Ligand SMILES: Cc1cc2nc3c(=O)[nH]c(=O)nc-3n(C[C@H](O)[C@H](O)[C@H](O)COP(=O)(O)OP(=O)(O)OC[C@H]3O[C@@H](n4cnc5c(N)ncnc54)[C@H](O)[C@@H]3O)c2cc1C
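Listed next as structure tokens is one chain, alone, in the form predicted on its own.
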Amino acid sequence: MKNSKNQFIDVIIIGAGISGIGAACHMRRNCPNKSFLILEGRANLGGTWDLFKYPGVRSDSDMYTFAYKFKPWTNKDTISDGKNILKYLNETTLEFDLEKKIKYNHWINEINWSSTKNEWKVSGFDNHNKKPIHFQCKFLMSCTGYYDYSNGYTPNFNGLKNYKGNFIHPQKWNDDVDYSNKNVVVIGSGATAITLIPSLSKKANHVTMLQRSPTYLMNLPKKDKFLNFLFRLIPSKFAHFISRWKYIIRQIYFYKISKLRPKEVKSFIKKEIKQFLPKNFDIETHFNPKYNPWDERICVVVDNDLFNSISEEKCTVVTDQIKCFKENSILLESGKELKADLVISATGLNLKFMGGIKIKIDNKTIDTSKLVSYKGMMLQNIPNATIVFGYTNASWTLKIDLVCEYFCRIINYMDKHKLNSFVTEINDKNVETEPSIELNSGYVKRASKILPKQGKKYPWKLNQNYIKDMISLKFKKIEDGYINFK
């Protein structure tokens, strides 16, 4: 402690989701002599995997790359449901003795850097004890994720107030939602909708997927038979290593070929899914996106579950736009009317950079939208801090591991050379910038005014490539002319 009012910690980690738990594990592994604390605004750990309760919630990445590098995924499912992911996070927390390092219900709303003290003041509110909280730390790791935990995005639908049925956003799902024998309309065609619909189809009378425009869908097996055989044959540590690199290389290749030869990849995707759908299904209308692959995220169908629901006539796909809601139905622009006992608005997320935390330097508020990201993990002019943010074109956790390892390298480097602070600075004022997330998804466009930018060249450019980032963050020397220490 530095004083009776403010608790001083070497490293404060904001958020106890998959990023925050991973960051804490890296602190245990790489900086064992440093004190750290995880401040979590909610009552439980797990972030996304504790928040979302809707039927069928699962990963849309393989678990060999979504799991941490240092803790093998030994479950037989390559694509995992949310419960098993949360179980994995709880196991990791227990294995690394992290529970006593987490302070729950600690909602942080402001961080303020003092240039004279070379430390952060972290302020917020304890929702359990109903009182303000203050901490001081030398280093800060923001692991808040990228979306608003309070509310998802719901468009301003015309006439929604007239609707007498049940209307819900998946982010607000709870066990009281009854869909048994109901006519359900799921609005949207993104990852959430693709996950929801097969699960809903098991109990609902009928499910309609109402989409404004199609999304790219790729089918993946829930289990990888070869890798499960490998785990039985050799030690899990080595099997996990092989499994990770199999999927890392596959992810990188598919992303690159999608960008280089989009027409061929588009044709391949359509050909692949056609074999799982009824012969009379109109693929050109419903599964033929107007954009190129990876202009938006590609959604994963597991073991043909969505296609099976369509083939078994448990699900209908409608591509149209909503004109208005009526008492018990949705009227479409085409004039078609969809009867609906339950409407699920799987219409996306609201992005929230760093959980909406106000950033100050010497009591001056910083506009993060004016800043440029350094190596996809720090912001220019923001000292002793990292933004732990994952990939958008591959498993989130691949980047998390690299960022946390690199930040630990910096901390140890500063200890060795008796340094107090670091900051990344742009010396060339003419650095060209562009949006930090290279996706055209609606949720990204809506957040363009609050997100930092990226540059068009290294080190301000996000690689979105694990191998390039691994070389940059794991093997290149820390002092590169852009990061300044004192």
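On a predicted model such as this, the values are computed, not experimentally measured, just so you know. Position 1 is the first residue in the sequence shown; the rest follow in order.
Keep in mind that the form predicted in complex with the named molecule is not shown, yet the notes after this line are about it.
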Stretch in contact, per heavy atom within 4.5 angstroms of the named molecule in the model of the complex, of 206-214, 327-335, 285-293, 105-113: 105-113
4.5 angstroms heavy atom contact with the named molecule in the model of the complex for Ser258: no
Any non-hydrogen atom of Ser309 within 4.5 angstroms of the named molecule in the model of the complex: no
Contact flag, Gly190 vs the named molecule in the model of the complex, heavy atom cut 4.5 Å: no
Residue contact check: Val423 to the named molecule in the model of the complex, 4.5 Å heavy atom: no
Candidate from Lys34, Arg42, Lys69, Lys461 lying within 4.5 Å of the named molecule in the model of the complex - any heavy atom: Arg42
Triplet Ser61, Cys143 and Ala394 all within 4.5 Å of the named molecule in the model of the complex via a heavy atom: yes
Stretch 17-56: residues contacting the named molecule in the model of the complex, 4.5 Å heavy atom cut-off: Gly17, Ile18, Ser19, Gly20, Leu39, Glu40, Gly41, Arg42, Gly46, Gly47, Thr48, Trp49, Phe52, Tyr54
